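Encoded as C-alpha cells, the following chain is the form predicted on its own, with no partner shown.
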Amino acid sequence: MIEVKNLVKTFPAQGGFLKQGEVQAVKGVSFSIPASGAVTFIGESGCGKTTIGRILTGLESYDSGEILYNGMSLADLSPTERRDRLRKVQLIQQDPYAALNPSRTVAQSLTAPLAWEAKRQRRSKTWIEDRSREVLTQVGLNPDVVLPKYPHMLSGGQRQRVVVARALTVNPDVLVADEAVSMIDVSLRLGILHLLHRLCTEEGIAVLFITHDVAAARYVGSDGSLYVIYQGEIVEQGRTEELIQSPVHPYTQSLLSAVPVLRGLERPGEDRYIPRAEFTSGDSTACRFALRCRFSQERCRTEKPLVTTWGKDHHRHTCHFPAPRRVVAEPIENERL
C-alpha cells in the first residue's frame, strides 16, 4: 500500500551543544507497508522513528526520497489530491492527555472530522451522530457514557481509545501509532495493544507501530515486519518473531538485553549485551554503532557496512560481523504481556 524509498529528512540544529549546522534525522530509509499488514519500528529515543511517522501523515516535509501510495508518488499529485490521499493515513498521538482539546466534549472532538466528511459525501447530521457512536463502539467504549464527557472525566485508557476512534472517523487505510501505550498505565496497555492488533487483523487497517518496547512490538506486529532503527538508519529488518529470536546486529541485541528479567533471577547473566557508552553520534562513513559496540573491529570504524541478507531473504542487516550471539530472548506469550 505504501512504499518508501531512500527517505531523507534534515533539521537545522538549534540550541544545546549544536550551535550551528544541521541534524539529519532520517538517512536514506526504505520500507513498505502492505495492505492490512503490520509494520513496527523500534529504536531508542532520538533515532528518527517518530519523524518518519510524521512524514507519512503529512505533518513533516522531507528533503529527498520517494513515497508511493498505491503505486502513485505523492510528489506527482496536486495539493488537493495529496491531501485526500494523506487523509487515509491517520496518526494516533503518543500523549492522549494532550491529543484531545480539554474544552471540547468527546462528541465535539469526533464531530469535527465527521462534519467535513459529511459535507464531502453529502451526508446528514444523523449520519454524523451514528458514525460517532459507531467508531466509539468499534474501540470498545459505550457511546452513551463517553460522548457527553470532557477529556478530564475519562481515564488514560479511555482517552487513548477516543484518540483511536477519532482517527477511525475518516475510514483510514493506515494507522500510524506513535508510542501509543507509553503514556498509559501498565494495566491498561494490553487493551490498547489488543485493539490495534484487532483493527489490523479483523478490520483490514494497516498499522505502522512506533515503539521502543520490544514486548509491545512483538504483540502488535506478530505477523508483520520489524525494522530496527539507529541514528536515522535501518540497521536490521525481518519478520518480527524471527528477528526477535535471532538478532544478528549488536544494536538489536542491546535492545533485547534491555528487557527486564522477570523470573526471579538475581542478575541478568552473561548473555545480556550492554553497549560501551551512552548515545554518541557515529561517523557517516563507517558503522554508526562502532563507537558503542564491544565487538567492533578496525573495519567497523573505517568502512560503512552494506545491507546484507542473513538466512532467509527477508532478514537483512548492516553489520560487518553479524552473529546470533549474546542474547537469548525468552518467548513472550501475548496473554502475559
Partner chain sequence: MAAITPDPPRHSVPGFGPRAAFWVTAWRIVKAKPSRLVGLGIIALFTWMGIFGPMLYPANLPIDPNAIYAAPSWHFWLGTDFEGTSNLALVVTGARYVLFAALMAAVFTVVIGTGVGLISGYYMGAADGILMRVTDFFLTIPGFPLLVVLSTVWNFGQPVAMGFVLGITGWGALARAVRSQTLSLRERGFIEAARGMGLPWYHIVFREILPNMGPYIAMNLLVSVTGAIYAEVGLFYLGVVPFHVNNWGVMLNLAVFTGGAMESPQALPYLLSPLAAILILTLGVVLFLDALDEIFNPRLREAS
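Just so we're clear, the structure is a prediction, and the values are computed from it rather than from any experiment. Residue numbers count along the first chain shown, from 1.
Not pictured, yet referred to below: the form predicted together with its partner chain.
- Although the partner is absent from this view, residue 113 contacts its partner chain in the model of the complex, with a non-hydrogen atom inside 4.5 angstroms.
- Of the heavy atoms in residue 138, none are within 4.5 Å of its partner chain in the model of the complex.
- Remark: residue 203 does not count among the residues lining its partner chain in the model of the complex, judged by a heavy atom distance of 4.5 Å or less.
- Of the heavy atoms in residue 123, none are within 4.5 Å of its partner chain in the model of the complex.
- Taking the partner from elsewhere, every residue among 87, 119 and 132 has a non-hydrogen atom within 4.5 angstroms of its partner chain in the model of the complex.
- For the stretch 48-65, the set of residues having any non-hydrogen atom within 4.5 angstroms of its partner chain in the model of the complex comprises 54, 59, in sequence order.
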